[in-house]
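Single chain ahead, written as structure tokens, the form predicted alone.
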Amino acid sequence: MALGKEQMALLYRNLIRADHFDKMMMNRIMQGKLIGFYHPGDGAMAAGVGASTFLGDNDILNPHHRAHGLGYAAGRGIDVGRYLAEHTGKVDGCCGGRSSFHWSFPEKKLYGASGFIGWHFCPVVGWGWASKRKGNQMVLMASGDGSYGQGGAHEAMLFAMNWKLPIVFFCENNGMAIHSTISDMHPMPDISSLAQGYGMPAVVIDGQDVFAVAETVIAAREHALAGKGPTFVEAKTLRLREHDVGTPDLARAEPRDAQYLEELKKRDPVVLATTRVLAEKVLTQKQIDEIYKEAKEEVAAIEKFADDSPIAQPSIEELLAGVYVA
């Protein structure tokens, strides 16, 4: 489906917000103001924004770990103040300051994250089954190319197709799994080729194009809600920096080529989206400047909220209350 100008303007706004959020997180971890890790999303925010902006309020979203899901948070309308407070170990964090980047917003139907690659495939089948029974809900499950080497990925795709579950398997393929290249990990260049073995509809798109991502996910969502089962969407995206801050940026055991990385920057999604919205007269330069101004103001408010929140010092009782079995 073709997007209208209002939809394109919203996607652009969310992309600029997400880009500012990512830069905020990078600044803070370099200043020692975050606990835990940060996996930068520089140059890769379009996929999450495009995939999440037009989901329904009732849909379940499992975000990708890149930029700790900030592209998805921007599209979903997550309270990023509480998100940042969580990353700084503060009382007002979404999980009381106890989780770092294993955050969750159950009221927004984001049910948490894990440090284990591919952990989410089996829960997603359960969410998909529950969504099918409800009949007015679907699941968008985002992950990277590296996670599709997990056995759970194949179990999930098999059950999803057998039971025609309303799931969109959304793969952000940046060609790197920490230090391993896509050619090391998979025999085929497209991860979506795995889905074809289960008879699942699959499409490969430009993950740097926020508008193309949104159009594709809207169609896949409609397919799911119509009872036609899952779709595999592979968004070809980029990783411009190291896997996580502090880890060497290697391909196998060698540093990634600096000239190659510089060339990739030409496909920064913000640059591509700005060129398009101006060319198609979706926005004027004055409106774009205002979007940037608002994003900077939003970041300032987010940081103030997180900085003003007290440091979390949970009691033993509070800690145990979040444990399923003790």
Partner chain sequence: MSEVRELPLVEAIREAYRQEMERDERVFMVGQDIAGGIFPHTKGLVEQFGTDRIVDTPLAEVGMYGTAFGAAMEGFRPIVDFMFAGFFLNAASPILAQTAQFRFIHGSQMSLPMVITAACGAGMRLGNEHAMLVHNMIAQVPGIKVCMPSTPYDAKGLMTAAIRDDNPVAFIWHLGTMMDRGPVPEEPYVVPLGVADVKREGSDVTLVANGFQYKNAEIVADKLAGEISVEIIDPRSFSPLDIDTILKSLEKTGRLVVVDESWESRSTASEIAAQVVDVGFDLLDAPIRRVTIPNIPLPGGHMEPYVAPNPDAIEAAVRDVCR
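Bear in mind that the values here come from a model prediction, so they are computed numbers and not experimental data. Rigid core (definition): largest C-alpha set, two forms, superposition within 1.5 Å. Numbering follows the first chain given and starts at 1.
FYI, the form predicted in complex with its partner chain isn't displayed, but the following is about it.
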| query | finding |
| --- | --- |
| Interface membership of residue 252, its partner chain in the model of the complex, 4.5 Å heavy atom rule | no |
| Heavy atom of residue 174 within 4.5 Å of its partner chain in the model of the complex | no |
| Distance check, residue 60 to its partner chain in the model of the complex, heavy atom within 4.5 Å | yes |
| Residue contact check: residue 88 to its partner chain in the model of the complex, 4.5 Å heavy atom | no |
| Listed range touching its partner chain, judged in the model of the complex by heavy atoms within 4.5 Å, from 71 to 79, 242 to 250, 166 to 174, 126 to 134 | 126 to 134 |
| Residue (of 256, 221, 186, 109) lying close to its partner chain in the model of the complex, criterion heavy atoms within 4.5 Å | 109 |
| Its partner chain in the model of the complex reached by all of 122, 155 and 162, non-hydrogen atom within 4.5 Å | yes |
| Core-aligned CA displacement of residue 318 at least 2 Å between this form and the one not shown | yes |
| Direction of C-alpha distance change in the model of the complex, residue 47 to residue 112 (at least 3 Å) | closer |
